[in-house]
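Here's a solo chain for you in structure tokens, the form predicted alone.
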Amino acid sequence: MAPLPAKPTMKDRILETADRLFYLQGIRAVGVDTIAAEIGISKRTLYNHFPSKDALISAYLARRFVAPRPSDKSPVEQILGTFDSLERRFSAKDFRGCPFVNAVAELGDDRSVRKVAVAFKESRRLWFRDLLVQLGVAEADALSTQLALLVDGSIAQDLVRNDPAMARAAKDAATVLLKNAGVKIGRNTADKRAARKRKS
């Protein structure tokens, strides 16, 4: 029999609640009073774990700063699969865009928030670059920036249009960029994309 999952600590509960409320309602809109009330604790208890709202915001962004999981898929499949993942995420009712962009939009004068947002965006760009290097792309640095722009652009378009197909359009653009860089797009990748289009 598998062991039961560990019960979340109070610190975990506070952070999970703050994460959900900050992301769905906005960082400025949610005060520590709201977070404490949602959990059913006092503000004093919250401050025992996070001495200020700024500390809680930093922990929230650190929690969202997750590296892509290692994959046994080919570099091309991983790159194009990013846009498939975005399309699924766009279809979720709780999608509110990139938490790092949202944080900068709300707290742009906070240097620590901007710093972590830049670090997150750069880590994603470098992930693309490393995959492109594996593919032997000569201008991997420039192309990785273009792919990162397609990701952010599709997120912005989905938020404005409420249309998950924006991720598919970005994927098509990414495919063109990869082909222009000399990357061979396998038949399996193209077939999967065509099958998805037929289903939608």
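This one's a predicted model, so the numbers in the text were calculated from it and none came from an experiment. So that there is no doubt, residue numbering starts at 1 and follows the sequence shown.
Another form, the form predicted in complex with the DNA, is not on view; read the next lines as being about it.
In the predicted complex, the DNA stays beyond 4.5 Å of every heavy atom belonging to Ile185. In the predicted complex, the DNA sits within 4.5 Å of a heavy atom belonging to Lys43. The closest heavy atom approach of Ser52 to the DNA in the predicted complex falls within 4.5 Å. The closest non-hydrogen atom of Val30 lies within 4.5 Å of the DNA in the predicted complex. Here the chain stands by itself, but in the predicted complex one stretch of 32 to 40, 134 to 142, 60 to 68, 150 to 158, 32 to 40, has heavy atoms within 4.5 Å of the DNA.
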